[in-house]
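Next comes just one chain, in structure tokens: the form predicted on its own.
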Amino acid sequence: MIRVQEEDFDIGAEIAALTEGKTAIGGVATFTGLVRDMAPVDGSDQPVSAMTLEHYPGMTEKKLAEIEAEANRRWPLDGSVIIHRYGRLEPGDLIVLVACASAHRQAAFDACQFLMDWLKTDAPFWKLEDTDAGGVWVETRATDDAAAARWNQTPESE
């Protein structure tokens, strides 16, 4: 299930909906992203008063569906949830929820991490942080690219 929305979400309600009536699920792995109150700007941390997330409707949902389908191809999932917010958010606000349910914990853990790694680098969201230095567009970090790249390896090359 994929949702791109301005509204906040209830993590507990989302997990309950994901698992309702599915007694084969042995575990749910989740990641919840929040807006931080600090961001690296020109080599030092700067206070962040807000973050504005933009996206391209239609294209965003399509890309998230592709990423979710790939997770389902790689791991035996009994369900997954991807919720990503857009609009103006303040420090402490929820940005993203990724939850993966499976009979076995390792599949849930791996799928959840895969989805987040790919969301950080491949999902068409643009983030503008409001700092004392002005508005700063968030760039993909090399560490994010490296995290996503590891999922391109095949078992033979590991």
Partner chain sequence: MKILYFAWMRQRIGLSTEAVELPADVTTVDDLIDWLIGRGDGYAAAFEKRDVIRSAVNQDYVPFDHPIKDTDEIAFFPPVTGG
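Values in this document were obtained by computation on a predicted structure and should not be read as measured data. Numbering follows the first chain given and starts at 1.
A second form of this protein, the form predicted together with its partner chain, is not displayed here; the remarks below concern that form.
> So in the predicted complex, does any heavy atom of E66 sit within 4.5 Å of its partner chain?
Replying inline: Flag for E66 set to yes.
>> I'd like to know whether E70 contacts its partner chain in the predicted complex, with contact meaning heavy atoms within 4.5 angstroms.
In response: E70 lies outside the contact set for its partner chain.
>> in the predicted complex, is there a heavy atom of its partner chain that lies within 4.5 Å of any heavy atom of G43, even though the partner is absent here?
In response: Looking in the predicted complex, residue contacts with its partner chain do not include G43, since no heavy atom lies within 4.5 Å.
>> Within 4.5 Å, heavy atoms only: does P47 come near its partner chain in the predicted complex?
In response: No.
> Within 66-95, which residues come within 4.5 Å of its partner chain in the predicted complex, counting heavy atoms only?
Replying inline: Going through 66-95 in order - heavy atoms within 4.5 Å of its partner chain in the predicted complex - the hits are E66, H84, I95.
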